[in-house]
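This document opens with one chain alone, in structure tokens, the form predicted alone.
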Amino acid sequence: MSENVDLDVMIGGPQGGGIESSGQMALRVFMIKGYDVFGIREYHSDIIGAHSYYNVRVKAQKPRSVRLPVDALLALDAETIFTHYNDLAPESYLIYGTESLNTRIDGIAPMDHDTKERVKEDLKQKGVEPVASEVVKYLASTGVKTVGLPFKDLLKVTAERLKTTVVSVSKTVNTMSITALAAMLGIDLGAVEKSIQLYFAGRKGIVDSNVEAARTTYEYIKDNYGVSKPLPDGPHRNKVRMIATGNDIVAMAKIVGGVTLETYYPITPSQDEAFYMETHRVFDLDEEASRSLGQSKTGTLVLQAEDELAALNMAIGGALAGARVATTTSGPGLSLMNEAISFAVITETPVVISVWMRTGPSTGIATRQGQQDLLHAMFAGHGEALPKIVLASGDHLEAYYDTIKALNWAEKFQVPVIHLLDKYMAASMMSFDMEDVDPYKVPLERGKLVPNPDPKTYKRYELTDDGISPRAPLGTVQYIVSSLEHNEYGVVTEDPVIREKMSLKRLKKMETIEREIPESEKAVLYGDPDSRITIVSWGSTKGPILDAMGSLAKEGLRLRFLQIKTFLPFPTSTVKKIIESSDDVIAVENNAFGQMVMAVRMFTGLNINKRIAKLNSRSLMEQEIYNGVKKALSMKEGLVVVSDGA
């Protein structure tokens, strides 16, 4: 039965060796079979050579995370065997190249020294010599089904069939591994071929060589190992569906949300969002928009700045001229933007700042996961840089709609909105239905935008009951924009009475934001609402938490999960009510200091004394929450550190 299918696959190999392509092709194979998929890439900050791997989760309905151990490991090099031999489940598959069997661990130059020494010690304790062939034998003795692929021979056959050279088809070994997995799982060759055609669409030569490599490999597996009984079709077979990374989905949302200027400076993991927007910067309008604008196409200007401070200042300039603007960055870039964030606050300029968090401090581990910029975002900017909004999304679809809402809030309240995302979302892909990304679900709002103000009476910083002034684009009327304190016209002043009024104006605006953003947008409760055991968390921990809650519920442990979505404004009443009605509260974060716990204590006066944290810079997985919750419940208080992943 397809509803019982729940598979985990890992593909490992050298950075720059097509691991991303392999992962995405594997995801498509399972989607073609009708399943929902979730995949995430873990990659080294070195561009070429270092170890990289891609985890894939396959279920009939919406996986939201990956887990260990895996049901299959596709080892595209010997380092993958050494790094992940402990990640294989009983009766799982190891698919490897036979050419790597003679590799000794000490001969793997790119492998991290500390990792190498740790693996050697573990193998010594197991009585296994640190040679790939011996590790494979050890795995076979534990029940792992080992499948060796003679890549050189398979490449030679493929080249002969295509009447070309082995060199010209050498990059098809990844496809061979995926095909071998498909055959062992009982997936038909047609699904693999269709995946190749979709992924390499428009590149006939590449399609032809990979299709032939797949056919050659499928025959080899059939002749030497036998093809498993067919994997049943999933519930989504023959449906037109979509797959996207977090970077992709946020870029789509900005286009749907009406962004006409996106600025950026390239920094991992944010730049792929800007690159996607660059690729799709000119797009067709629907009938209504075409009629309204008198044109069939429109576009977004995507501009690379010389640094992150310049990127935000450029965006602010665009907003002052009336454009709907956004910028994208990561933690180090947010640090550089602090001065400009304060400038946006005092000039009441709407701008969305997408922050794709990663491991810090400083450059930290540039391509790895972390949730360490929460307090930084809340207190970004100097001199009481309020009002501003800090919003954190939990998954791809949430990020899509939150991005459009953030653009609306920025203009409605005339504030910077810091939208917290992270590497987990940026580097992961998930499947969904086309209707899941409705371009009309969130209507666009531009707030008190006045296109043609009366120049005789217009006050850009007019004192109003809600703290929000009419906003006119520069050029339609003349007014002063300054980083200094000012009166209602923008004229610089140090008059104490005016200073007090402007401070109270900004305070009143924050009160308006707190009042007008619904509580349901600030925090969301999942699971059993009557449970007395509560997990409190934020951001991309949402997926692993929900998946683990499903597993725990099957064992009779029913939980509820409070996801905090806005930290400015903070959902004080909701958080306080849920915590006070709980017997056990467990916080989950990907940071060491419990930054969300600090925010909760600051706004509610309540302390959460049980925490689960992941500190090794790898992505949080379902089984870590599952095990972490059980351990936390056995404790009176304290920190549970979960540490899976290589």
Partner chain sequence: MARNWMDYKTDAWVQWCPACGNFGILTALQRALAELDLPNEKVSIVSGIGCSSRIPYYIKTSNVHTLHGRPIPVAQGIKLANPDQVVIVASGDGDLLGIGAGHFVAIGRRNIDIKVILHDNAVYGLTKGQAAPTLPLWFKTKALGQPNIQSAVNPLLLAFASGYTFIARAYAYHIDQLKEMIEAAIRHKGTSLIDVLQPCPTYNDIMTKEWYEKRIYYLDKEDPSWNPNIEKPEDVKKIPKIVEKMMEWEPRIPLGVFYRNTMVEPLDVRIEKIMPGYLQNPPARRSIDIGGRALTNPFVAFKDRIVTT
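Residue numbers count along the first chain shown, from 1. Just so it is clear, the model here is predicted, and its values are computed rather than measured.
If you look for the form predicted together with the partner chain, you will not find it shown, but the lines that follow are about it.
- Look at 373-381, 559-567, 210-218, 194-202: in the predicted complex, residues with non-hydrogen atoms within 4.5 angstroms of the partner chain sit in 194-202.
- Within this chain, A399 is remote from the site of the partner chain in the predicted complex, having no heavy atom within 4.5 Å.
- Proximity of E117 to the partner chain in the predicted complex: non-hydrogen atoms within 4.5 Å are absent; the residue sits far from the partner.
- A340 belongs to the set of residues with a heavy atom inside 4.5 Å of the partner chain in the predicted complex.
- When the partner chain is considered in the predicted complex, H236 lines it closely, a heavy atom lying within 4.5 Å.
- Taking a 4.5 Å heavy atom cutoff to the partner chain in the predicted complex, the contact residue among T142, S292, T457, S503 is S292.
- Checking D307, E488, E519, E129 against the partner chain in the predicted complex, a heavy atom within 4.5 Å turns up for just one residue: D307.
- In the predicted complex, the partner chain lies within 4.5 angstroms of at least one heavy atom of each of the following residues of 424-439: F432, D433, M434, V437, P439, in sequence order.
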